[in-house]
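Just one chain is shown here, as structure tokens, and it is the form predicted alone.
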């Protein structure tokens, strides 16, 4: 496939949170769709929320960047990003872009932290939609963050941020927020990735990404005329988005987090290194088979065991070099939906989920310790870590992230024992 030229692509998609995941996922689907149709009016304008670095790096190379599936190359150039900018340089530009008639789709990747009130992304959308309501142009907004019911959640935050009833009424009638499921592993870019891509391309690529061949984007089917034909780029429209979301969250994301909480404590640097540790892998697989698969149903035409096997195969990919510390980041925001919801589902049925309790114990130890099991410093990025360290008991710590789980004394006891042991 010949790469698109960002200068020839016309903007039609505004993306809030132009990090590596968006460039390896949404931008790739848009590129494939535009190549398939010849319609170049769905180019992405990316907004960097946290710092100007990502947007500036993209603009220095005319928004072209490369993807690799192996760190030795070859590199494939992506050209679907038309422009990128830092929201802090011109806060009103986001408002103008959301309101612009040329913007027909807004996509969002601001991580789980971006959905806590007050949400910056929701505030930006609210301002832009209030302005857009004056022209009456309908819009679709796709949350692409790893949260169940992400579209409904974002719609609620925007509704709250809008304030005035007239704008709320217009948004409810004219703006769609379909739920989605997104999946692709995208480690942070490192110097060896940039060097390999640059050597393959013949020009210096500071924005190169390494990722896996697997890509999934499942979107709740909103009906005709609401979305471009993203299926031509590899997306799936489905009425079973909630089923796909539960499968991913409680199998893939749960496995990824559990592997890395135990792995980082054992001193493993990358996910693929953890996959060579039979004790940890066995504990995570048993957790999923015993405690998770029995409470899930598979999307039509699929089997949960096949999906489980694919997850472990993907995690073992040595080309990704996905850092365990990166995956462990924001663990206190992830442990509830990834593990504790499944634990509570078991407890309601009268089953003690021993495997999940053990993995939650690993999370708690990661959050409250300053060294791993080899004696090396352990400093994970978690906005709730200080609050959890200040709790006096395991029950108090669990209550901070999942009150219902903390009400089950036997489960709390199992977690308390596990936080002081290995798998």
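Positions refer to the first chain, counted from 1. Every value quoted in this text rests on a predicted model; they were computed, and no experiment measured them.
Omitted from view is the form predicted in complex with a small molecule, to which the following refers.
**Student:** Would you check whether the small molecule, in the model of the complex, lies within 4.5 angstroms of a non-hydrogen atom from each of 344, 351 and 405?
**Tutor:** Not one of the three qualifies.
**Student:** How about residue 247: is it within 4.5 Å of the small molecule in the model of the complex, going by heavy atoms?
**Tutor:** Although the small molecule is absent here, residue 247 would stay clear of it in the model of the complex, with no heavy atoms inside 4.5 Å.
**Student:** Is it the case that residue 256, even though its partner is missing from this view, gets within 4.5 Å of the small molecule in the model of the complex, heavy atoms only?
**Tutor:** Residue 256 belongs to the contact set for the small molecule.
**Student:** Is residue 338 near the small molecule? Define near as a heavy atom within 4.5 Å, in the model of the complex.
**Tutor:** Residue-level check for residue 338: yes, a contact with the small molecule.
**Student:** Looking in the model of the complex, any heavy atom of residue 146 within 4.5 Å of the small molecule?
**Tutor:** So residue 146 counts as contacting the small molecule.
**Student:** Quick check on this chain: which one of 158, 327, 171, 274 has a heavy atom within 4.5 Å of the small molecule in the model of the complex?
**Tutor:** Only one listed residue qualifies here, and that residue is 327.
**Student:** Going by heavy atom distances of 4.5 angstroms or less, which of 252, 122, 292, 209 would be at the interface with the small molecule in the model of the complex?
**Tutor:** Filtering the options by heavy-atom distance leaves 252.
**Student:** In the model of the complex, which of the stretches 68-76, 225-233, 83-91, 327-335 has residues with heavy atoms within 4.5 Å of the small molecule?
**Tutor:** Selected stretch: 327-335.
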